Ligand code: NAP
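Coming up is one lone chain in structure tokens, specifically the form predicted alone.
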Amino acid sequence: MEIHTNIPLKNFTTMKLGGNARFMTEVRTPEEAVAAFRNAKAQSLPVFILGGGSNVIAQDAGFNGLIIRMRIPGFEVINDDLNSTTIKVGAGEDWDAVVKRTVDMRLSGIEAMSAIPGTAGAAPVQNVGAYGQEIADVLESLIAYDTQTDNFVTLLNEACEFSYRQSIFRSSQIGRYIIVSITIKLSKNLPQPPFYEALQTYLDQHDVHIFTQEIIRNAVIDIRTNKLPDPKLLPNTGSFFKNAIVEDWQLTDLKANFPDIPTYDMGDGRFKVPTGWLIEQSGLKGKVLHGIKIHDKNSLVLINQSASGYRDLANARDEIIDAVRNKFKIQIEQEPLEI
């Protein structure tokens, strides 16, 4: 395990911004992850776990500690029965490669989460999801190093306290656990309609009436390719804002003023409002603020067109948040974590 010094974080995050990390290392086994953490702790250094860098924003000051790049591999079928297959996946595995492998095995449960960048270990952190599926639906458990107790622990699904783009790993227990593997349980049944609205619309438009895991995966990839820019070509973090969640009483007020507002019933009197729509209706679609462009195909996406640093991004973000709040009285939230 090699420790590197003064590493530019912009080279390891898809928004291509940020200062240097004081130290950086890659880990390929759970034991290496523990050793790296203990070494940093002995020197009173903060630690940040980095996967693919697609959902992380680095600040201009950089990180005065140790960045641990998660590269633990693994893909093992640990249970197989008539209806389902349970798979243990290393935290460093590329998420889309995992999805493709399960689709090739004709398993259902994560095919709609195709083409999401990042690592498998990062998926539970923000409860990754897309087109009606999320990791909370299939995660049985995960293994993590508990930095407080200095032990490996197994956390069941319920212990992760999943909600929309949220978990204990980015709320009440942020920084406590280093996830080294996840265990997911997938179905052997074919995907069943009706699907998430945007996906269903695509299938209807393309006259698709037979649904397999591969067909759903290909459809999602096509949708995402057309609405999300490739971060290798245009620096971005994918969806920069979470979709807004409002209570039923808020929705009543909103519909009185904006009768065409799109919503998705989440149950329990809560409704999801597409934040991309809110930003577009605020007149910001395609605009460039402080070198940051609001994508003209999907206003949830912010592209680093010519920003000189994190401050430009923060200023653009705050102006977008203010514009939406002033028009709709809704406070939208940033999705990527910050170093």
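This is a predicted model, so every value here is computed, not measured. Don't overthink the numbering: it's just position in the shown sequence, from 1.
Form predicted in complex with the named molecule: not shown, discussed below.
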query: Among the candidates 239, 167, 102, 181, the residue which, in the predicted bound form, approaches the named molecule to within 4.5 Å (heavy atoms); finding: 239
query: Single option in 129, 92, 109, 235 placed near the named molecule in the predicted bound form, where near means a heavy atom within 4.5 Å; finding: 129
query: Proximity of residue 300 to the named molecule in the predicted bound form, heavy atoms at 4.5 Å; finding: yes
query: Contact label in the predicted bound form: residue 264 to the named molecule, heavy atom within 4.5 Å; finding: yes
query: Contact of residue 196 with the named molecule in the predicted bound form (heavy atom, 4.5 Å); finding: yes
query: In the predicted bound form, residue 309 touching the named molecule (heavy atom, 4.5 Å); finding: no
query: Partner-facing stretch of 185-193, 172-180, 157-165, 249-257, counted where any non-hydrogen atom is within 4.5 angstroms of the named molecule in the predicted bound form; finding: 157-165
query: Complete contact of 28, 88 and 146 with the named molecule in the predicted bound form (any heavy atom, 4.5 Å); finding: no
query: Partner contacts for 214-238, taking the named molecule in the predicted bound form and a 4.5 Å heavy atom cut-off; finding: 224, 227
